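The data below hold one chain only, encoded as structure tokens and taken in the form predicted on its own.
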């Protein structure tokens, strides 16, 4: 394992003996009789196969993820959504009461929540507002992440960022990775990458030893209910360690595994890509229509499947829409997004209802 990762892993994980589950001992095979996992041998009607534990990290599904994300199968660790990956990485690198993660608010709240729950520290280097959009404070991030007194082990960057929708330059992210190497690991959350013109930084993994990328099927593949995600790392010794020592014994439900095979099939993947095109077209239409409203101050440029919208009376419109059974996300009281609502892009019909409500809304 490269030093950029190995020296930053919590010391006890380097020597910890991980649990070897029955499912790890051999792949499932219908020709064999498995009496090694204390499973119930009787299937229930309509639930065939669910009496058996699934493989923890099925090889064929690792290969399907790898094809989807342009990496090798041994560079993938599958998790229950990207949320579980955040927990695992925080546990692997941050010593409780000693180390910290770095976030760039406003951003996805779980980075800070998971760190504080350990508990680990949270260092915030807020995004900069520039020319009607948001930008990374590169110099501030590097200074904080290399400050020995702050003990930052993980730098969480979300691109496109939630809730702002902003994509950040791959060049800037690469500069941050290089500058903090040996001090911290950069965890790049690419949950919304399929909606972005920038795409993924997966091709930089092997040349950037302290870069880890989060991916998920939840958004682009319309798969949120199945909780299937992963993290990617160029260092296969690290991914092997994570699988052996940081995951639950059986982290992925069988039905989620089978559904993921289906959603990653060529036919369904092609359909998902067509749906992404529809969402992007609706995003452009909604951004233009919202900006025309007298109730809207600013629509932030977005590279995801949502828009951050600053309004004269965000809370009032949020309540008005909720009363009409349209639920938006209220960020109006949060630092950095004052007066803003986040509006997910729905179907054309759903989006038209939002615009209609906005035209009817009286401040």
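These numbers were taken from a predicted model, which means no experiment stands behind them. Positions refer to the first chain, counted from 1.
Quick note: we don't show the form predicted in complex with a small molecule, though the next part is all about it.
Taking 4.5 Å between heavy atoms as the contact cutoff, choose which of 162, 220, 256, 105 touches the small molecule in the predicted complex. Checked against the cut-off, the match is 162.
In the predicted complex, the one of 134, 238, 192, 231 near the small molecule [non-hydrogen atom within 4.5 angstroms]: If I apply the 4.5 Å criterion carefully, the residue I get is 192.
Could you tell me which stretch in 106 to 114, 91 to 99, 273 to 281, 140 to 148 has residues with non-hydrogen atoms within 4.5 Å of the small molecule in the predicted complex? Among the listed stretches, the partner-contacting one is 106 to 114.
In the predicted complex, does residue 83 have a heavy atom within 4.5 Å of the small molecule? Residue 83: yes, in contact with the small molecule in the predicted complex.
Should residue 252 be classed as touching the small molecule in the predicted complex when contacts are defined as heavy atoms within 4.5 Å? Residue-level check for residue 252: no, no contact with the small molecule.
Answer for residue 216 alone: is it within 4.5 Å of the small molecule in the predicted complex, judged on heavy atom distances? Because a heavy atom of residue 216 falls inside 4.5 Å of the small molecule in the predicted complex, the answer is yes.
Taking 4.5 angstroms as the cut-off for heavy atoms, does residue 227 touch the small molecule in the predicted complex? Residue 227: contacts the small molecule in the predicted complex.
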